[in-house]
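The chain that follows stands alone, in the form predicted alone, written as structure tokens.
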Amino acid sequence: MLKIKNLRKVYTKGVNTEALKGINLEVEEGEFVGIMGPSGSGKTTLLNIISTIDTPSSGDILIKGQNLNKISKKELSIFRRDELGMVFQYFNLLDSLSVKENIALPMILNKEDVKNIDNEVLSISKTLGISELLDKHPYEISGGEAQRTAIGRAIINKPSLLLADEPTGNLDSKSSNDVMQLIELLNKERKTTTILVTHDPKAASFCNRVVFIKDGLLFNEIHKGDSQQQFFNDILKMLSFFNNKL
């Protein structure tokens, strides 16, 4: 599904800063992978490059065999629209649109049939548990409900890859748990390959695998076994190791 080959990113404004120093990573179709590391480690830069928000200085990103460094801007725009879904910490919903319109926006921009749009929004909103909120606006709903709406917008085009950047960062513990259970459900039921960047060990414990980045390099990775609690404990141990090294 995703292959990252010797990925480097150097920021050249002012003093040159090497954010990524030769990352190699593979993610299989249907995997749910977490990316963790200290602040400034390069994890958000990595996600931004995978999502095509940013471009690498060198190296290759291949998604479904497509090398994103070797296609035109127009092709990249279409690829991003059709294959990638993105969820952010700050929801990025449009207050002028209803919940229904926010979820439907990608299909509206694609000029899809209105009946198909209505059917997809209804189906997704039921899965997300927000079907009763479709006529409300983002400023009328809770943070957890807003994030569910943002997830709906991200998945309505059935993306091959869902990218989530700190999706629980603005939520209380209950809403965070609810959102992570939802992302886990979508990963299992839809087989949507998912990559999560997070500081939150509880959120990371919903993943199948967590990759740790330090100083722009892959440092370690751990896999979930049969116990989410044990996986959570293993993540805590790794984060403790990082903190002791800072």
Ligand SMILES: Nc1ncnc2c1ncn2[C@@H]1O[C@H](COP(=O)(O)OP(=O)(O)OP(=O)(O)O)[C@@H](O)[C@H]1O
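Numbers for residues come from their place in the sequence shown, where the first is 1. The structure displayed is predicted, hence computed values, not measured ones.
The form predicted together with the named molecule is left out here; the points below concern that form.
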Item to check | Partner-facing stretch of 24 to 32, 44 to 52, 184 to 192, 65 to 73, counted where any non-hydrogen atom is within 4.5 angstroms of the named molecule in the model of the complex | outcome: 44 to 52
Checklist entry - Is I222 one of the residues lying within 4.5 Å of the named molecule in the model of the complex, judged by heavy atom distances? => result no
Checklist entry - Given that the partner is absent here, does G59 sit within 4.5 Å of the named molecule in the model of the complex, heavy atoms only? => result no
Next on the checklist: So in the model of the complex, is the named molecule close enough to P38 to count as touching (4.5 Å, heavy atoms)?
Outcome noted: yes
Checklist entry - Should T17 be counted as a contact of the named molecule in the model of the complex, where contact means heavy atoms within 4.5 Å? => result yes
Checklist entry - Of 188 to 218, which residues get within 4.5 Å of the named molecule in the model of the complex if you count heavy atoms? => result H199
